[in-house]
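Coming up is one lone chain in structure tokens, specifically the form predicted alone.
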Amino acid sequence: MKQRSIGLYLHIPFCQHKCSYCDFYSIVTLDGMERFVQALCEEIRFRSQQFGSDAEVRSIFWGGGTPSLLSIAQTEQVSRVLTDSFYVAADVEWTIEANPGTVTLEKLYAYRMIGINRISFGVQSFDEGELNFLERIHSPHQAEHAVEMARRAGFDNINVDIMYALPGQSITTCLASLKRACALEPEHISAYSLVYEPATPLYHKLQRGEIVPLTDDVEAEFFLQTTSFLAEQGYQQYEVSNFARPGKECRHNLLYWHRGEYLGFGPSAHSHWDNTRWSNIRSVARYVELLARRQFPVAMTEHLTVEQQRSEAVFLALRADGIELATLESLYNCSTTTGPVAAVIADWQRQGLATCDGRRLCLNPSGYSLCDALTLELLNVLEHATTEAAVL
């Protein structure tokens, strides 16, 4: 029996067009894709020799970039190397991200034959003007057609990405996109606010005053309206930006939020193993060159301290499906039924920010909207309680 349950992430860095808001590593030329695929297969083989002996793969996620730009033959080649190199669970959750304008029925059928059983469409909006602002290259009709084709190909686990809080956007147009998304009956919806990431073209426009962002209060209202609407449609919020039908939560997402172990392949991909994190270099050319020399393309390695492990456990759990009180007590050697930690939990409940059944502390939609601030508040109290316990 395998001792570890792990996830695998593959970063496919090719795009037809680089959206102005995106800070993920990607390139817009498709030249060299074949050399990249060969290098990716080499990295998978190398890492499996190092880590694959006692690991059972429970989730696989192909992200990007645009993984659906790979040809069927390239997708099949990489998939064979994955399944030959690692022990993949029979009930693995296997996700591929896709731009709605890059899939065909033939390609979707091929995904299902390979074993891919979950697809995530980067729709972002069903409003033509908003899609143009975001520089997306598909239309609302193409997005709807892509989901319909995925159903015909046999996908019964589909995610749709929706973005809100765009400059000039109204609650009305936001809810209109959510309604069209829900009409497609996806099992999962990722709904998240626009973030102005440094060094992106959109950020530079913001700096030049060419666009005016929504205020924090208005953005918070978008968040609450979004969570309320999706709850009415039967989607349960299990993380700040993720909503699912019961039982359709993304296993790979939860792996991250629960500090699970995963291996990342491809340029800029991250890994977490035995409380060590590392990331690959952000260059396709250098990535290919190093693997041709049979060298790992690692850019950074970090061994997490006990303090980092504890704070990560709290932060990630709070922004997802909550944290066990017993876990808090074990991590910080403190009481959650009396004293300052109990006072914080009680205060959050009084303010309608969290629920606690005596076993598990969970934020609700109002709490999720203040997740970073609440996490910092709790961590400060926990660290103080730990220091006091050490002195005593």
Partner chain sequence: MASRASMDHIRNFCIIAHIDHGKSTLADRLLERTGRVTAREMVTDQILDDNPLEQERGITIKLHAVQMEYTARDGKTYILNLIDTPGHVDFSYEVSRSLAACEGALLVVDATQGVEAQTISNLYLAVDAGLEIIPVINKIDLPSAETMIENVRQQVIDLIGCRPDEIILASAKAGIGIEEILEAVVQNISPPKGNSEAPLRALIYDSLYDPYRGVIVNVRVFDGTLREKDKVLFMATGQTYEVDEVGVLYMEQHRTGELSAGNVGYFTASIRRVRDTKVGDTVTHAQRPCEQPIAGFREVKPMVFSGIYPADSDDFEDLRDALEKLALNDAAIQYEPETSAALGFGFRCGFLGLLHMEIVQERLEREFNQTIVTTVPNVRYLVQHTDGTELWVENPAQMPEPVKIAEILEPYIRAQIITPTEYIGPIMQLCIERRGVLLGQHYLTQTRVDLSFELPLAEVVFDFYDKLKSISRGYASLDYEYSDYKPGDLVKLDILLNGDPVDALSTIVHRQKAYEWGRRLCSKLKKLIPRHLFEVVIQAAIGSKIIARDSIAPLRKNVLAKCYGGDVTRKRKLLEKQKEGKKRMKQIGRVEVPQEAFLAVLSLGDE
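Positions refer to the first chain, counted from 1. Just so it is clear, the model here is predicted, and its values are computed rather than measured.
In what follows, reference is made to the form predicted in complex with the partner chain, a form of this protein that is not presented.
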Stretch in contact in the model of the complex with the partner chain, which is absent here, among 167-175, 67-75, 201-209, 236-244 (heavy atoms within 4.5 Å): 236-244
Between the partner chain and L304, L370 and L379, in the model of the complex, does every residue show a non-hydrogen atom at 4.5 Å or closer? yes
Decide whether R319 counts as a contact residue for the partner chain in the model of the complex under a heavy atom distance cut-off of 4.5 Å. yes
4.5 angstroms heavy atom contact with the partner chain in the model of the complex for Y9: yes
State yes or no: in the model of the complex, is some non-hydrogen atom of Y192 no more than 4.5 angstroms from a non-hydrogen atom of the partner chain? yes
Distance check, Q351 to the partner chain in the model of the complex, heavy atom within 4.5 Å: yes
Only one of R277, R151, R80, R286 gets a heavy atom within 4.5 Å of the partner chain in the model of the complex. Which one? R277
Checked E221, E261, E185, E128 for heavy atoms within 4.5 Å of the partner chain in the model of the complex; positive is E221
Given a 4.5 Å distance limit between heavy atoms, list every residue of 3-32 close to the partner chain in the model of the complex, or none if there are none. Y9, D23, F24
